[in-house]
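Take a look at this single chain in structure tokens; it is the form predicted on its own.
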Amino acid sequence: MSIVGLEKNTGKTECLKYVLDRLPVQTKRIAVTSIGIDGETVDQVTRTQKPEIVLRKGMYFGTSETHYRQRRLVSELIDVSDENTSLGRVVTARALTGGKILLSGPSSASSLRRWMSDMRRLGIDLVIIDGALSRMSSASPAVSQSMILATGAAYSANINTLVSKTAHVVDLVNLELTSEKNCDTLSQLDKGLWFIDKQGELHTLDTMTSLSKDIHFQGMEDCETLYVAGALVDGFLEKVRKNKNLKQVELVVRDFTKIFVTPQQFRLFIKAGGRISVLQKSKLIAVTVNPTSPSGYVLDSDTLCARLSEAIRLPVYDLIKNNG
């Protein structure tokens, strides 16, 4: 499971603490790591106070050598990886006492997947990954099966904008899976632009990325499925929307973390009858809000939760208020 903040100071660390405090460590093996740095007492950008990460006895964790030396708990060393991060190798350990820790684990999605494989071999029941919008790869279904999204006033101090921008991210997370047949055909293609015609034949376009300005759709009159193996961006989505031969096409991406389009372009595409689906789907299990921004601006918690819940059709939680 990944916990992803849509911006700094949206309550991601508070959410992580809330979850860690309530997990059944007596009956389940829990491991936690971060794809960034978590557990600092002061945010290095906004200079605001941050909640510290407190692990419970028996929890496993992955952090850098630098932060492992600064731990304030007794632990059993399990492994030291061969991969280096900017803060040293990743150390895996088990907490023998409760205490505070700074988390700074694997720095890429591939190294994170390798670390998680090691955790499975240790018999870990649940791995929790601390992520961020700027490092959304940690929330990819290729890495984590489920996710919690943390949003709040730091993402936007305007409640209408905040609801709209968060709802857009939720819409992307909730995109439907493509057909099993498409998954079988496309899952091994990790580069380029491809299409499947009405006869089920696979073809490649003459460009490797949707970022290219010289994309042509000649010979695609019988296109049924258009696959973008890499990033999906505004310019490409607009070209597909405006092409009369692609009105009924199904546009497929690997997962929602590959989509980098504005809410406006996304809505225009869907309104025009376009369909976007994914090869791999995440399960969004909760959305949390922090109504206070680092600058001190405070949104009304009840209004924010109600408005956002109505927009995304999911429960929304203010953990500070609920925990108070």
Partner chain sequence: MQLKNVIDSPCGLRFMLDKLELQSGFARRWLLDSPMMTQGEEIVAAYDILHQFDTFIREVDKTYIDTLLFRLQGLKDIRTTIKNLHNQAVLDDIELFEIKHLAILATDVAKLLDKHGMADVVKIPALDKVIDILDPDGMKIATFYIYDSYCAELKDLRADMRQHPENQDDLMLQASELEEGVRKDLSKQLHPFAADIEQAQIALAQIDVNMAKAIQMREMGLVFPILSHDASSQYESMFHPQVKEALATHGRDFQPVDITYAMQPTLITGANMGGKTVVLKTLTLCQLLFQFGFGIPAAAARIAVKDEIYFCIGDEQSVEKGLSSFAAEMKNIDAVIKASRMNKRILALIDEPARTTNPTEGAALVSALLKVLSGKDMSLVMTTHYDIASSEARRLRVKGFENGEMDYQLVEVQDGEVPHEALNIAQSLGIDSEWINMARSLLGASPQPV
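Residue numbers count along the first chain shown, from 1. Only a predicted model underlies this, so the values are computations on that prediction, with no experimental measurement involved.
The form predicted together with its partner chain exists for this protein as well; it is not shown, and the discussion that follows is about that form.
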> Looking in the predicted complex, any heavy atom of residue 192 within 4.5 Å of its partner chain?
Replying inline: no
>> Can you tell me whether residue 28 touches its partner chain? I mean in the predicted complex, with a 4.5 angstroms heavy atom cut-off.
In response: no
> Using heavy atoms and a 4.5 Å limit, would one call residue 182 a contact residue for its partner chain in the predicted complex?
Replying inline: no
>> Quick check on residue 79: any heavy atom within 4.5 Å of its partner chain in the predicted complex?
In response: yes
> Which pick from 178, 140, 156, 75 sits with a heavy atom within 4.5 Å of its partner chain in the predicted complex?
Replying inline: 75
>> Which residue, 235, 230, 98, 219, is the contact with its partner chain in the predicted complex, using a 4.5 Å heavy atom cutoff?
In response: 98
> its partner chain isn't shown here, but in the predicted complex, which of 123-131, 245-253, 82-90, 157-165 has heavy atoms within 4.5 Å of it?
Replying inline: 82-90
